[in-house]
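To begin, one chain is listed below as C-alpha coordinates, in the form predicted on its own.
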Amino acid sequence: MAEYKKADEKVIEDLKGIVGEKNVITDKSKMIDYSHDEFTLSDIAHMPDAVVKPASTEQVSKVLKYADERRIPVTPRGGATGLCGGCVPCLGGIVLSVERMNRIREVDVDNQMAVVEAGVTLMDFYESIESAGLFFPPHPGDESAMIGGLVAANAGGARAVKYGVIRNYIRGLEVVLASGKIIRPGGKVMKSSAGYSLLNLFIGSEGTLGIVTSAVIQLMPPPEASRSLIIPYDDLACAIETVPLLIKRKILPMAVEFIPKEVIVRTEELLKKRWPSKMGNTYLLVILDASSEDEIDKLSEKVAEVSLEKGALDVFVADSPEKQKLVLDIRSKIYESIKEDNVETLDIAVPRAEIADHVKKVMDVQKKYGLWLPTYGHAADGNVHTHIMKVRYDKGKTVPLPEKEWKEKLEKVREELFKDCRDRGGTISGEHGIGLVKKAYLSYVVDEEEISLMKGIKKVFDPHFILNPAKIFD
(Lines give C-alpha, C1' and ligand atoms only; values in the text may rest on other atoms or scores of the structure.)
Protein backbone atom coordinates (compact mmCIF):
# COMPACT_ATOMS: atom_id res chain seq x y z
CA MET A 1 0.00 0.00 0.00
CA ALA A 2 1.34 3.43 -0.91
CA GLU A 3 2.00 5.85 1.95
CA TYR A 4 -0.21 8.93 1.79
CA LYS A 5 -0.22 12.28 3.55
CA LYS A 6 -3.18 14.25 4.79
CA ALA A 7 -4.25 17.62 3.47
CA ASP A 8 -3.23 19.62 6.54
CA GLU A 9 -3.74 23.34 7.16
CA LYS A 10 -0.71 24.32 5.06
CA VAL A 11 -1.94 22.18 2.15
CA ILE A 12 -5.44 23.66 2.40
CA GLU A 13 -4.07 27.21 2.29
CA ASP A 14 -2.01 26.32 -0.78
CA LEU A 15 -5.05 24.80 -2.48
CA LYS A 16 -6.99 27.99 -1.82
CA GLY A 17 -4.21 29.82 -3.62
CA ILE A 18 -4.82 27.63 -6.69
CA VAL A 19 -8.63 27.58 -6.94
CA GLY A 20 -9.74 30.45 -4.70
CA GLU A 21 -10.73 30.42 -1.05
CA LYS A 22 -14.46 29.93 -1.63
CA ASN A 23 -13.76 26.88 -3.81
CA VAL A 24 -12.11 24.84 -1.07
CA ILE A 25 -14.45 23.18 1.44
CA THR A 26 -13.23 21.90 4.80
CA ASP A 27 -16.42 22.22 6.86
CA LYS A 28 -17.35 18.64 7.79
CA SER A 29 -21.09 19.30 7.58
CA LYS A 30 -20.62 20.46 3.98
CA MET A 31 -18.25 17.64 3.06
CA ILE A 32 -20.72 14.90 3.98
CA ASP A 33 -22.27 15.12 0.50
CA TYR A 34 -18.80 14.44 -0.97
CA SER A 35 -18.18 11.34 1.16
CA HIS A 36 -20.37 8.93 -0.82
CA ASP A 37 -22.13 8.25 -4.10
CA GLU A 38 -25.53 6.60 -4.70
CA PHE A 39 -24.46 3.22 -3.32
CA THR A 40 -26.94 2.50 -0.55
CA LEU A 41 -24.82 1.20 2.32
CA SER A 42 -23.30 4.05 4.30
CA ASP A 43 -20.47 1.94 5.68
CA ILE A 44 -18.37 2.58 2.54
CA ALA A 45 -18.62 6.37 2.96
CA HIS A 46 -15.48 8.25 3.98
CA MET A 47 -14.82 11.92 4.67
CA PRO A 48 -12.17 13.71 2.61
CA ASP A 49 -9.72 16.16 4.18
CA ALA A 50 -10.87 18.83 1.75
CA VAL A 51 -13.04 19.34 -1.34
CA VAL A 52 -11.54 21.37 -4.16
CA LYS A 53 -13.56 22.85 -7.04
CA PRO A 54 -11.34 23.95 -9.92
CA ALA A 55 -12.80 26.04 -12.75
CA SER A 56 -10.32 25.13 -15.50
CA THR A 57 -8.04 22.41 -16.81
CA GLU A 58 -5.08 24.54 -15.76
CA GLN A 59 -6.31 24.61 -12.16
CA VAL A 60 -6.82 20.83 -12.21
CA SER A 61 -3.25 20.50 -13.48
CA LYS A 62 -1.87 22.62 -10.63
CA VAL A 63 -3.86 20.71 -7.99
CA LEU A 64 -2.67 17.32 -9.27
CA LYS A 65 0.96 18.39 -9.59
CA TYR A 66 0.83 19.73 -6.03
CA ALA A 67 -0.85 16.57 -4.66
CA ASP A 68 1.47 14.20 -6.54
CA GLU A 69 4.58 15.90 -5.17
CA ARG A 70 3.23 15.53 -1.62
CA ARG A 71 1.64 12.05 -2.05
CA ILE A 72 -1.86 13.24 -1.21
CA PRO A 73 -4.65 11.05 -2.65
CA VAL A 74 -7.08 12.74 -5.07
CA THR A 75 -10.57 11.40 -5.77
CA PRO A 76 -12.21 12.89 -8.89
CA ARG A 77 -15.95 13.48 -8.65
CA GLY A 78 -18.67 14.34 -11.14
CA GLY A 79 -22.40 14.06 -10.45
CA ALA A 80 -21.86 11.20 -7.95
CA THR A 81 -24.68 9.17 -9.50
CA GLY A 82 -22.58 6.00 -9.42
CA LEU A 83 -23.67 2.83 -7.63
CA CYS A 84 -20.39 1.16 -6.69
CA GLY A 85 -18.44 3.66 -4.60
CA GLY A 86 -16.34 4.87 -7.51
CA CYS A 87 -16.02 8.44 -6.21
CA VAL A 88 -15.76 7.68 -2.48
CA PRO A 89 -12.57 9.20 -0.99
CA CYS A 90 -11.85 6.01 0.94
CA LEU A 91 -8.32 7.13 1.88
CA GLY A 92 -9.24 10.71 2.68
CA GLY A 93 -7.18 13.36 0.94
CA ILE A 94 -8.66 15.66 -1.67
CA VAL A 95 -11.97 15.30 -3.48
CA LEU A 96 -11.62 17.13 -6.80
CA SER A 97 -15.10 18.07 -7.98
CA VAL A 98 -15.53 19.13 -11.62
CA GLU A 99 -18.92 20.76 -10.95
CA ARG A 100 -17.68 24.27 -11.84
CA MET A 101 -16.26 23.02 -15.17
CA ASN A 102 -19.68 23.08 -16.79
CA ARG A 103 -19.24 24.89 -20.09
CA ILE A 104 -20.35 23.57 -23.45
CA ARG A 105 -17.40 24.94 -25.36
CA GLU A 106 -18.74 24.24 -28.84
CA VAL A 107 -21.52 22.54 -30.78
CA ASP A 108 -20.03 22.00 -34.24
CA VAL A 109 -23.01 21.42 -36.53
CA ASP A 110 -20.87 20.90 -39.65
CA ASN A 111 -18.85 18.07 -38.10
CA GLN A 112 -21.73 16.93 -35.87
CA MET A 113 -19.56 17.08 -32.78
CA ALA A 114 -19.65 18.87 -29.43
CA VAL A 115 -16.80 19.89 -27.14
CA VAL A 116 -17.93 19.90 -23.51
CA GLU A 117 -16.32 20.16 -20.12
CA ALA A 118 -16.43 17.32 -17.61
CA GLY A 119 -18.93 19.01 -15.28
CA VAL A 120 -21.68 19.44 -17.89
CA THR A 121 -24.75 17.45 -16.84
CA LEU A 122 -26.44 15.07 -19.21
CA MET A 123 -29.62 17.15 -18.94
CA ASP A 124 -27.88 20.36 -20.05
CA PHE A 125 -26.00 18.51 -22.77
CA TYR A 126 -29.19 17.07 -24.28
CA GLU A 127 -30.88 20.46 -24.19
CA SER A 128 -27.97 22.17 -25.94
CA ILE A 129 -27.53 19.70 -28.77
CA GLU A 130 -31.26 19.22 -29.37
CA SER A 131 -31.66 22.97 -29.82
CA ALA A 132 -29.00 22.68 -32.54
CA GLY A 133 -30.99 19.91 -34.26
CA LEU A 134 -28.64 17.09 -33.25
CA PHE A 135 -28.96 13.83 -31.33
CA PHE A 136 -26.80 12.00 -28.77
CA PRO A 137 -28.00 8.38 -28.77
CA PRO A 138 -26.73 7.03 -25.41
CA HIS A 139 -29.09 7.53 -22.49
CA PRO A 140 -27.38 6.15 -19.37
CA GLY A 141 -30.22 7.09 -17.03
CA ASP A 142 -29.90 9.79 -14.37
CA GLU A 143 -29.67 13.09 -16.25
CA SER A 144 -27.85 14.75 -13.35
CA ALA A 145 -24.83 12.59 -14.24
CA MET A 146 -21.89 14.58 -15.60
CA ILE A 147 -19.96 13.99 -18.80
CA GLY A 148 -16.68 13.29 -16.98
CA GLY A 149 -18.29 10.54 -14.92
CA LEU A 150 -19.99 9.01 -17.96
CA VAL A 151 -16.63 8.79 -19.71
CA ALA A 152 -14.91 7.44 -16.60
CA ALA A 153 -17.47 4.61 -16.29
CA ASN A 154 -18.02 4.04 -20.04
CA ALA A 155 -21.72 4.37 -19.27
CA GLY A 156 -24.28 2.61 -21.42
CA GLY A 157 -28.03 2.64 -20.97
CA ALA A 158 -31.03 1.19 -22.72
CA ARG A 159 -30.12 2.36 -26.23
CA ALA A 160 -26.79 0.51 -26.35
CA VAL A 161 -28.15 -2.39 -28.41
CA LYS A 162 -28.54 -0.20 -31.51
CA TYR A 163 -26.29 2.76 -30.84
CA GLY A 164 -23.56 1.51 -28.53
CA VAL A 165 -22.14 2.95 -25.31
CA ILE A 166 -20.30 6.17 -24.46
CA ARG A 167 -17.04 4.78 -25.88
CA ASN A 168 -18.57 4.74 -29.36
CA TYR A 169 -19.08 8.52 -29.30
CA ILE A 170 -15.92 9.87 -27.69
CA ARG A 171 -13.59 11.20 -30.41
CA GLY A 172 -11.21 13.15 -28.21
CA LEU A 173 -10.41 13.90 -24.58
CA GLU A 174 -8.55 16.46 -22.55
CA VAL A 175 -6.98 14.64 -19.62
CA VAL A 176 -4.81 15.75 -16.71
CA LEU A 177 -2.35 13.09 -15.57
CA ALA A 178 -1.30 12.54 -11.97
CA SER A 179 1.87 14.54 -12.61
CA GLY A 180 -0.20 17.54 -13.68
CA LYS A 181 0.69 17.14 -17.35
CA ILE A 182 -2.15 17.76 -19.80
CA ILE A 183 -2.67 15.52 -22.82
CA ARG A 184 -5.31 15.61 -25.56
CA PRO A 185 -5.64 12.20 -27.24
CA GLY A 186 -7.95 12.09 -30.28
CA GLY A 187 -9.86 15.02 -31.72
CA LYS A 188 -12.48 15.78 -34.35
CA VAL A 189 -11.54 12.80 -36.50
CA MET A 190 -13.65 9.72 -37.18
CA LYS A 191 -10.78 7.25 -37.16
CA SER A 192 -7.10 6.97 -36.31
CA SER A 193 -4.40 4.29 -36.44
CA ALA A 194 -1.64 6.47 -35.02
CA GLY A 195 -0.17 4.23 -32.32
CA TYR A 196 -1.83 2.90 -29.20
CA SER A 197 -5.31 4.23 -28.42
CA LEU A 198 -4.70 6.18 -25.24
CA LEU A 199 -8.14 7.69 -25.84
CA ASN A 200 -9.85 4.35 -25.26
CA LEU A 201 -7.65 3.55 -22.30
CA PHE A 202 -9.06 6.50 -20.33
CA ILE A 203 -12.68 5.65 -21.18
CA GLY A 204 -13.92 3.32 -18.45
CA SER A 205 -10.81 3.76 -16.27
CA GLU A 206 -12.87 5.28 -13.41
CA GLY A 207 -10.53 8.23 -12.86
CA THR A 208 -7.60 5.98 -11.90
CA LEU A 209 -5.33 6.95 -14.83
CA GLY A 210 -6.12 10.64 -15.26
CA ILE A 211 -8.86 13.20 -14.75
CA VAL A 212 -10.97 13.96 -17.80
CA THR A 213 -11.60 17.70 -18.07
CA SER A 214 -13.32 17.85 -21.45
CA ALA A 215 -14.50 15.59 -24.26
CA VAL A 216 -15.10 15.77 -28.00
CA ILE A 217 -18.37 13.92 -28.56
CA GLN A 218 -19.78 12.59 -31.83
CA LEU A 219 -23.42 13.47 -32.50
CA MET A 220 -26.00 12.37 -35.06
CA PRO A 221 -29.10 13.70 -36.82
CA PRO A 222 -32.22 12.82 -34.79
CA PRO A 223 -34.48 10.00 -36.05
CA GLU A 224 -37.53 11.13 -38.01
CA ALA A 225 -39.93 8.88 -36.12
CA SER A 226 -39.99 6.92 -32.85
CA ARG A 227 -42.49 4.69 -31.10
CA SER A 228 -42.75 2.67 -27.89
CA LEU A 229 -44.45 -0.74 -27.70
CA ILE A 230 -45.56 -2.26 -24.41
CA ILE A 231 -45.88 -6.02 -24.71
CA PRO A 232 -47.30 -8.05 -21.78
CA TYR A 233 -46.48 -11.72 -21.15
CA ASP A 234 -47.54 -14.23 -18.53
CA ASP A 235 -44.11 -15.85 -18.62
CA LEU A 236 -40.83 -13.96 -18.12
CA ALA A 237 -38.82 -16.53 -20.09
CA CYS A 238 -41.06 -16.09 -23.13
CA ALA A 239 -40.63 -12.32 -22.92
CA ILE A 240 -36.85 -12.55 -22.80
CA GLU A 241 -36.71 -15.25 -25.47
CA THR A 242 -38.52 -12.88 -27.83
CA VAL A 243 -35.44 -10.69 -28.05
CA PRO A 244 -32.98 -12.99 -29.89
CA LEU A 245 -35.81 -13.87 -32.26
CA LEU A 246 -36.28 -10.18 -33.06
CA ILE A 247 -32.57 -9.89 -33.87
CA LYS A 248 -32.70 -13.04 -36.03
CA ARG A 249 -35.57 -11.49 -37.99
CA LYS A 250 -33.30 -8.48 -38.65
CA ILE A 251 -35.24 -6.13 -36.37
CA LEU A 252 -32.91 -3.89 -34.36
CA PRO A 253 -34.85 -1.71 -31.92
CA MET A 254 -33.36 1.38 -30.29
CA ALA A 255 -34.00 -0.29 -26.91
CA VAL A 256 -35.60 -3.41 -25.46
CA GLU A 257 -36.27 -3.55 -21.73
CA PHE A 258 -37.78 -6.40 -19.71
CA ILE A 259 -39.67 -5.25 -16.64
CA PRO A 260 -41.58 -7.37 -14.07
CA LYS A 261 -45.07 -6.23 -13.11
CA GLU A 262 -44.33 -5.81 -9.40
CA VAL A 263 -41.85 -2.96 -9.98
CA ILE A 264 -44.27 -1.28 -12.38
CA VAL A 265 -46.94 -1.36 -9.66
CA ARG A 266 -44.52 0.24 -7.15
CA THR A 267 -43.65 2.98 -9.65
CA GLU A 268 -47.31 3.65 -10.47
CA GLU A 269 -47.92 4.21 -6.77
CA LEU A 270 -44.99 6.61 -6.52
CA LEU A 271 -45.92 8.72 -9.57
CA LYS A 272 -49.71 8.40 -9.41
CA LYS A 273 -49.63 7.43 -13.08
CA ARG A 274 -50.89 4.33 -14.85
CA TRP A 275 -48.94 1.96 -17.09
CA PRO A 276 -50.83 1.29 -20.37
CA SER A 277 -51.37 -2.42 -19.66
CA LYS A 278 -52.65 -4.41 -16.68
CA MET A 279 -52.26 -7.76 -18.41
CA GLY A 280 -49.64 -10.40 -17.66
CA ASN A 281 -46.82 -10.69 -15.13
CA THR A 282 -43.97 -9.12 -17.07
CA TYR A 283 -43.47 -6.67 -19.94
CA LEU A 284 -41.19 -5.94 -22.81
CA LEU A 285 -40.77 -2.26 -23.55
CA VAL A 286 -39.59 -1.99 -27.15
CA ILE A 287 -38.54 1.42 -28.46
CA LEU A 288 -38.24 1.79 -32.22
CA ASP A 289 -36.89 4.56 -34.38
CA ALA A 290 -36.93 4.94 -38.14
CA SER A 291 -36.50 7.36 -41.02
CA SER A 292 -40.24 7.65 -41.72
CA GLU A 293 -43.69 6.88 -40.30
CA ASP A 294 -44.20 4.19 -42.96
CA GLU A 295 -41.00 2.46 -41.92
CA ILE A 296 -41.87 2.57 -38.23
CA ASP A 297 -45.35 1.16 -38.98
CA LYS A 298 -43.73 -1.81 -40.75
CA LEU A 299 -41.26 -2.32 -37.92
CA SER A 300 -44.07 -2.22 -35.35
CA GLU A 301 -45.99 -4.89 -37.26
CA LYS A 302 -42.92 -7.15 -37.41
CA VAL A 303 -42.26 -6.74 -33.67
CA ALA A 304 -45.92 -7.57 -32.93
CA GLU A 305 -45.78 -10.70 -35.09
CA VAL A 306 -42.63 -12.01 -33.37
CA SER A 307 -43.93 -11.16 -29.88
CA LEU A 308 -47.27 -12.89 -30.39
CA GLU A 309 -45.44 -15.87 -31.82
CA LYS A 310 -43.50 -16.10 -28.52
CA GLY A 311 -46.60 -15.91 -26.32
CA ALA A 312 -47.28 -12.20 -25.88
CA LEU A 313 -50.79 -11.46 -24.63
CA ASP A 314 -51.18 -8.26 -26.66
CA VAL A 315 -49.20 -5.31 -28.04
CA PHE A 316 -49.91 -1.78 -26.85
CA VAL A 317 -48.63 1.11 -28.96
CA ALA A 318 -47.52 4.44 -27.48
CA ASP A 319 -47.65 6.40 -30.73
CA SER A 320 -48.09 9.95 -29.47
CA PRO A 321 -45.51 12.08 -27.65
CA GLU A 322 -47.76 12.15 -24.56
CA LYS A 323 -48.09 8.37 -24.42
CA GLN A 324 -44.38 7.85 -25.01
CA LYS A 325 -43.54 10.32 -22.25
CA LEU A 326 -45.84 8.50 -19.83
CA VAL A 327 -44.17 5.17 -20.54
CA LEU A 328 -40.65 6.56 -20.27
CA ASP A 329 -41.49 8.51 -17.11
CA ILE A 330 -42.61 5.32 -15.39
CA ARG A 331 -39.64 3.33 -16.68
CA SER A 332 -37.13 5.98 -15.61
CA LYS A 333 -38.49 6.13 -12.06
CA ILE A 334 -38.42 2.41 -11.28
CA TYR A 335 -35.24 2.75 -9.24
CA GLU A 336 -36.73 5.63 -7.26
CA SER A 337 -39.77 3.52 -6.42
CA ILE A 338 -37.74 0.71 -4.85
CA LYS A 339 -34.77 2.74 -3.60
CA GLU A 340 -36.01 2.86 0.00
CA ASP A 341 -35.71 -0.93 0.37
CA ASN A 342 -32.72 -1.41 -1.95
CA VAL A 343 -29.34 -2.51 -0.59
CA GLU A 344 -27.38 -2.96 -3.81
CA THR A 345 -27.99 -2.74 -7.54
CA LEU A 346 -26.12 -5.38 -9.52
CA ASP A 347 -24.98 -4.65 -13.05
CA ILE A 348 -24.37 -8.06 -14.54
CA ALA A 349 -24.09 -8.48 -18.32
CA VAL A 350 -24.33 -11.90 -19.97
CA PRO A 351 -24.55 -13.02 -23.60
CA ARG A 352 -28.02 -12.23 -24.91
CA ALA A 353 -29.01 -15.88 -25.21
CA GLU A 354 -28.15 -16.44 -21.52
CA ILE A 355 -30.45 -13.77 -20.05
CA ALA A 356 -33.47 -16.04 -19.54
CA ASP A 357 -31.49 -18.70 -17.69
CA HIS A 358 -29.64 -16.11 -15.61
CA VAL A 359 -32.95 -14.56 -14.55
CA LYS A 360 -34.22 -18.05 -13.64
CA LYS A 361 -31.15 -18.37 -11.42
CA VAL A 362 -32.02 -15.02 -9.81
CA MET A 363 -35.51 -16.32 -9.03
CA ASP A 364 -34.02 -19.52 -7.52
CA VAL A 365 -31.70 -17.45 -5.32
CA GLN A 366 -34.60 -15.22 -4.30
CA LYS A 367 -36.53 -18.27 -3.13
CA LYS A 368 -33.47 -19.80 -1.42
CA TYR A 369 -32.61 -16.75 0.68
CA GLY A 370 -36.01 -15.15 1.11
CA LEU A 371 -34.88 -11.73 -0.16
CA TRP A 372 -36.81 -9.85 -2.82
CA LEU A 373 -34.59 -9.59 -5.93
CA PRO A 374 -36.53 -7.49 -8.44
CA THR A 375 -34.78 -7.83 -11.77
CA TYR A 376 -35.13 -5.89 -15.00
CA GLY A 377 -32.77 -4.71 -17.67
CA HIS A 378 -31.65 -4.19 -21.20
CA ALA A 379 -32.78 -7.42 -22.79
CA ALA A 380 -31.20 -6.81 -26.19
CA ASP A 381 -27.65 -6.25 -24.92
CA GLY A 382 -27.65 -8.72 -22.02
CA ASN A 383 -27.37 -6.15 -19.21
CA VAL A 384 -29.38 -7.31 -16.19
CA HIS A 385 -30.05 -5.15 -13.13
CA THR A 386 -30.90 -7.18 -10.06
CA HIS A 387 -31.69 -5.27 -6.86
CA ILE A 388 -30.76 -6.96 -3.61
CA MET A 389 -33.44 -5.78 -1.19
CA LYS A 390 -33.75 -5.78 2.59
CA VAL A 391 -37.34 -7.06 2.35
CA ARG A 392 -39.10 -10.17 1.12
CA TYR A 393 -41.97 -10.05 -1.35
CA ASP A 394 -45.12 -11.86 -0.33
CA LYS A 395 -48.51 -11.76 -2.11
CA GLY A 396 -47.95 -8.36 -3.67
CA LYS A 397 -46.53 -6.76 -0.53
CA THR A 398 -43.05 -6.21 0.83
CA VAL A 399 -42.21 -7.44 4.33
CA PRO A 400 -39.23 -5.80 6.11
CA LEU A 401 -36.48 -8.10 7.36
CA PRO A 402 -34.24 -7.60 10.43
CA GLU A 403 -30.94 -5.90 9.54
CA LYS A 404 -28.92 -8.83 10.86
CA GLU A 405 -30.80 -11.23 8.56
CA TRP A 406 -30.44 -9.35 5.27
CA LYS A 407 -26.81 -8.42 5.99
CA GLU A 408 -25.96 -12.08 6.56
CA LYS A 409 -27.52 -12.97 3.20
CA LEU A 410 -26.18 -10.07 1.14
CA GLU A 411 -22.75 -11.44 0.29
CA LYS A 412 -24.10 -14.94 -0.33
CA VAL A 413 -26.63 -13.64 -2.84
CA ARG A 414 -24.05 -11.43 -4.54
CA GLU A 415 -21.55 -14.29 -4.78
CA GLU A 416 -24.05 -16.79 -6.22
CA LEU A 417 -25.16 -14.36 -8.92
CA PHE A 418 -21.61 -13.31 -9.82
CA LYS A 419 -20.61 -16.97 -10.15
CA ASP A 420 -23.60 -17.64 -12.37
CA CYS A 421 -22.62 -14.63 -14.46
CA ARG A 422 -19.06 -15.97 -14.77
CA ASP A 423 -20.23 -19.45 -15.73
CA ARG A 424 -22.35 -17.96 -18.54
CA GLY A 425 -19.40 -16.04 -19.99
CA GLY A 426 -20.60 -12.71 -18.62
CA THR A 427 -19.13 -9.79 -16.71
CA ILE A 428 -19.94 -8.39 -13.27
CA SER A 429 -20.37 -4.86 -14.63
CA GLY A 430 -21.93 -3.88 -17.92
CA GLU A 431 -22.07 -0.12 -17.33
CA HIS A 432 -21.64 0.93 -13.69
CA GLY A 433 -17.95 0.12 -13.22
CA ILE A 434 -16.08 -1.72 -10.46
CA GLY A 435 -15.30 1.05 -7.98
CA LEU A 436 -14.97 -0.08 -4.37
CA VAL A 437 -17.93 -2.41 -4.11
CA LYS A 438 -17.10 -4.94 -6.83
CA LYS A 439 -13.31 -5.03 -6.74
CA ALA A 440 -13.20 -8.19 -4.60
CA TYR A 441 -15.01 -9.99 -7.42
CA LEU A 442 -13.04 -8.69 -10.40
CA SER A 443 -11.04 -11.92 -10.59
CA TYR A 444 -14.27 -13.86 -11.18
CA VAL A 445 -14.41 -12.50 -14.73
CA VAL A 446 -10.92 -11.12 -15.46
CA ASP A 447 -7.93 -13.47 -15.23
CA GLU A 448 -4.91 -12.69 -13.07
CA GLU A 449 -2.64 -11.96 -16.03
CA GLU A 450 -5.03 -9.28 -17.29
CA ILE A 451 -5.31 -7.77 -13.81
CA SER A 452 -1.51 -7.72 -13.59
CA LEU A 453 -1.36 -5.81 -16.89
CA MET A 454 -3.96 -3.34 -15.60
CA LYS A 455 -1.86 -2.74 -12.49
CA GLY A 456 1.18 -2.16 -14.69
CA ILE A 457 -0.71 0.43 -16.74
CA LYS A 458 -1.84 2.14 -13.54
CA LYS A 459 1.78 2.40 -12.38
CA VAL A 460 2.89 3.99 -15.66
CA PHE A 461 0.20 6.67 -15.58
CA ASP A 462 0.15 7.20 -11.81
CA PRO A 463 3.45 6.02 -10.28
CA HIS A 464 2.62 7.34 -6.80
CA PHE A 465 -0.94 5.92 -6.87
CA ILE A 466 -2.62 9.19 -5.90
CA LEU A 467 -5.48 9.05 -8.44
CA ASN A 468 -8.68 7.49 -7.07
CA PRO A 469 -6.71 4.92 -5.07
CA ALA A 470 -8.20 1.59 -4.00
CA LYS A 471 -10.66 1.53 -6.88
CA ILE A 472 -10.98 -1.39 -9.36
CA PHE A 473 -8.17 -3.22 -7.52
CA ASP A 474 -5.90 -2.55 -4.52
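Source: prediction; values computed, not measured. Start at 1 with the first residue shown and count on from there.
One more form of this protein, predicted in complex with a small molecule, exists but is not displayed; see below.
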- Task: Go through 191-199, 296-304, 70-78, 237-245 and give me the stretch that gets within 4.5 Å of the small molecule in the predicted bound form, heavy atoms only.
- Result: 70-78
- Heavy atom within 4.5 Å of the small molecule in the predicted bound form: which of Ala349, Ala118, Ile231, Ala255? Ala118
- Task: Let me know the one among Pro260, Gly92, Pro185, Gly157 whose heavy atoms come within 4.5 Å of the small molecule in the predicted bound form, would you?
- Result: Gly157
- Is there a heavy atom of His378 no more than 4.5 Å from a heavy atom of the small molecule in the predicted bound form? yes
- Is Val107 close enough to the small molecule in the predicted bound form to count, meaning some heavy atom within 4.5 Å? no
- Query: Is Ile355 a contact residue for the small molecule in the predicted bound form, using a 4.5 Å heavy atom cut-off?
  - Reply: no
- Message: in the predicted bound form, is there a heavy atom of the small molecule that lies within 4.5 Å of any heavy atom of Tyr335, even though the partner is absent here?
- Response: yes
